[in-house]
Structures are given as structure tokens and as C-alpha cells.
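In the block that follows, a single chain appears as C-alpha cells, in the form predicted on its own.
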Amino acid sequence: MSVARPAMLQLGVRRMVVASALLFVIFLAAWQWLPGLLGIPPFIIPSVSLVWQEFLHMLARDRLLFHTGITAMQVGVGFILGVMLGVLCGFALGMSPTAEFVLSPYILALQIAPKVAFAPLFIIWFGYTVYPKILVCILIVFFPVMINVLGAVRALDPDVVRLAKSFTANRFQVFWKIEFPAAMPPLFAGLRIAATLAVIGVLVGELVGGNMGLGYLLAFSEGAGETAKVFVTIIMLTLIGIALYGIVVAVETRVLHYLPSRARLAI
């Protein structure tokens, strides 16, 4: 029975992969032929073949890989810094009710304020450099990570902490052995959300004031009315987001391997 169950799980995973691939093929076929059958002109929705030709053209003449690398670098740096700041603030506020009471209104106000409004301000401060894009990314990534860590620390059973202290555990041991592991599942839930938002943060900065990166290409293509280039840029942005999300999921599966759902996925 124990041998048959992993085999059934693997068979189920293979079926899901095949179903997903089949759906992707159907989507590409519909994209290729459906606009023409409906009479939609290529400058509104270009076919897959036209987008592919434009992709090859942008690789050769528009330095697509260079701009993609710039955006990916900014996304990665902003994501890492935003996660670090969110984790530190989440644990600090969770372990200190006084700090949470004093700082929460200001953190909430920072989150409510539109992030697009900060991009021009950062450009005024730092110029047309990578810093405004990274800062907007940090602002967007910070809050979901912080709020998930804070909620995990707040939800921890105080009796467990008191029990550890009764066995002469010091403050660092309580944090490392109890609070930190308890925050891991909510932290990775926040990381999944942050991974999908990080690309948006960088893109906002590049659209407002960028001279390189995919946001710059997107604004240039939109201004020139080149729809196929816009599609290529959107696809590249999506691939960056998918790659970052996949990295988070891979790390989560490895770190949280002891949870039943992760154990099933790892088989």
C-alpha cells in the first residue's frame, strides 16, 4: 500500500502536467487563428507568429535581453531587500506590542498611499537611476511579508513560550526554536504574494522614469503603436514573475518539507 500510493501520486502529477500543456497548446492555437476569424486586425491583437517574429527582431536590434536583465536585476534586488525589511519589522512588531501600537498607523498609512505616487518623488530624489525602481519594489513587497510574519508571531500560543522559558530558554533560543519556525509557513505565503507584486513595482518605476528596462521598452512600443512589441514585453515581464515565483515555491518546498502538503509535492 505504501509503495502504490507514491506511484498513484506521480501518475496524478503527470496527468496534471499533460492537461496543463494541452491547455497551453489550445490557448496558442486560439491566439493564432481566432483573431483572424473574428476579423480583428493585427495592430489590435497580433497573432502568435507575428509576436514570435517581433521577439526575434527585438533580440537582434532592440537589445531585448539587456533590458530584460536590467528589469530582472531590479526585481531581484527589490524583492530581497523588501523581504528582509518585512521580516525584520514583522518580528520586531510581533514581539513588542508597544512598538506595534506606535508604528502600525504609520506603516498602514505608507501601505495605503498609492505606490505610483512615490515613483515621481523617488525620481526627483535619485534621478533616472535604478534606485527609484528598487525603492518602489521594496515598498510593494514589504507589506505582505511584514503582515504575515506579524500575524504568525501574534498567533503563537503564549503557553509554549512560557514552557520554553521554564526550561531556562533565553530570549534568543525562544526566537530561534519557537517563534521563527512558527512564522515560516505564513512567511512563505507572504513571499508568494510578494513575488507576484515585485515585477509590478519595478515596472511602475520604469514607466514613470526609465531609460532602460522592459518598462522603458513597453512605453516606447506603446508610443510608437507597435502592438507586437508590447506583447513581447508583457510576455518577458510575465516570465520574470513566473521565474521569481518558481524560486519561492522551490525554496518553500525544501524548507517546509515536513508539512504534509509539501511532502506530497516532493514525491
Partner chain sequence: MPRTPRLEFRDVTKRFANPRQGSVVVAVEGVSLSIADGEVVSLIGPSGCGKSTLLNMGSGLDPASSGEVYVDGERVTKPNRHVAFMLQKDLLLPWRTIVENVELGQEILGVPRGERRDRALALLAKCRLPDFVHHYPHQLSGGMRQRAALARTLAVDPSVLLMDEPFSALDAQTKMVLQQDLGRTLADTGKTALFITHDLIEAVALSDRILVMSQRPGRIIEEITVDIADRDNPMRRRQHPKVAAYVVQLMNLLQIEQAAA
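All figures in this text were calculated on a predicted structure; none of them were measured in a lab. Residue numbers count along the first chain shown, from 1.
Only in words, not in the display: the form predicted in complex with the partner chain, which the text now covers.
A heavy atom within 4.5 Å of the partner chain in the predicted complex is found for exactly one of A117, A99, V160, A155: V160. Under a 4.5 angstroms non-hydrogen atom cutoff, the partner chain in the predicted complex lacks R171 among its neighbouring residues. In the predicted complex, the partner chain sits beyond 4.5 Å of every heavy atom of S104. In the predicted complex, the partner chain sits within 4.5 Å of a heavy atom belonging to H257. Under a 4.5 angstroms non-hydrogen atom cutoff, the partner chain in the predicted complex has A182 among its neighbouring residues.
Stretch 172-180 is the contacting one of 90-98, 70-78, 172-180, 123-131, since its residues have non-hydrogen atoms within 4.5 Å of the partner chain in the predicted complex.
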